[in-house]
Ligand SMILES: CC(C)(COP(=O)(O)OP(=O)(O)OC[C@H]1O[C@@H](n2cnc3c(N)ncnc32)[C@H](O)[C@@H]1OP(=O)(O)O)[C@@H](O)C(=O)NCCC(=O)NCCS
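Here we start with a single chain on its own, the form predicted on its own, put down as structure tokens.
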Amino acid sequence: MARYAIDYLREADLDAVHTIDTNSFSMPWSIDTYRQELRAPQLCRYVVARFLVADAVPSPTPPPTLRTRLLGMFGQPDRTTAPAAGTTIGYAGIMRTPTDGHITTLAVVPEHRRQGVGELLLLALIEQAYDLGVRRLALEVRATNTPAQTLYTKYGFVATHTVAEYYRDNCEAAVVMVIADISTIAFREQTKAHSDALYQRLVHKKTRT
């Protein structure tokens, strides 16, 4: 029975992540770039989504907190344990800057898109933002990437402005999206509601297969 797990990006994942990066973006990062950022966990956090096979069906009732929900079903990252066995199907990263937590990248392999994996990765980045001690989240997204913009809007990102000719490959504009404060009760409640819904969606999908 299939399920997903979220894990920290490790050196052993770099080849798989680079392949996803190359197939997802016209300007992929080098493996050395990821390797350098892995050496600065106080500033940069990267997570991967793995596709696993499990014998047990998770409970349809989610645990009470986002962190334990990720731990119980999705595998909240833990640096002290061995990496989860499974196929790396997505990754995402966040960097702490002087003003915010900047989401630098998020990608999922085509065959697992629109399955909730990107949303799982975004939830993991929100957890990492809390761990990094940031309150404001920001990102850039291509003006034509409406699916990504829809996901970010769902979680409370607001488009603040566009940057013309931001992407060097085709001079496309970037939309800058921001969450002003992830520490508010309203944001935490909204995130919990979305996480509950995603949990139920994935459990329902698995119990039918």
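The shown structure was predicted, so the numbers you read here are calculated from the model rather than taken from an experiment. Quick note: we count residues from 1 along the sequence shown, nothing fancier.
Although not depicted, the form predicted together with this ligand is the subject of the following passage.
The closest heavy atom approach of residue 138 to this ligand in the predicted complex falls outside 4.5 Å.
Among heavy atoms of residue 94, none comes within 4.5 Å of this ligand in the predicted complex. Of the heavy atoms in residue 119, some are within 4.5 Å of this ligand in the predicted complex.
Looking at residue 42, you'd find every heavy atom of it more than 4.5 angstroms from this ligand in the predicted complex.
With the partner removed from view, the residue among 201, 192, 10, 18 that has a non-hydrogen atom within 4.5 Å of this ligand in the predicted complex turns out to be 201. Of the candidates 174, 148, 38, 179, 148 is the one whose heavy atoms come within 4.5 Å of this ligand in the predicted complex; the others do not. Along 99 to 130, residues 106, 107, 108, 112, 113, 114, 115, 116, 117, 118, 119 each place a heavy atom within 4.5 Å of this ligand in the predicted complex.
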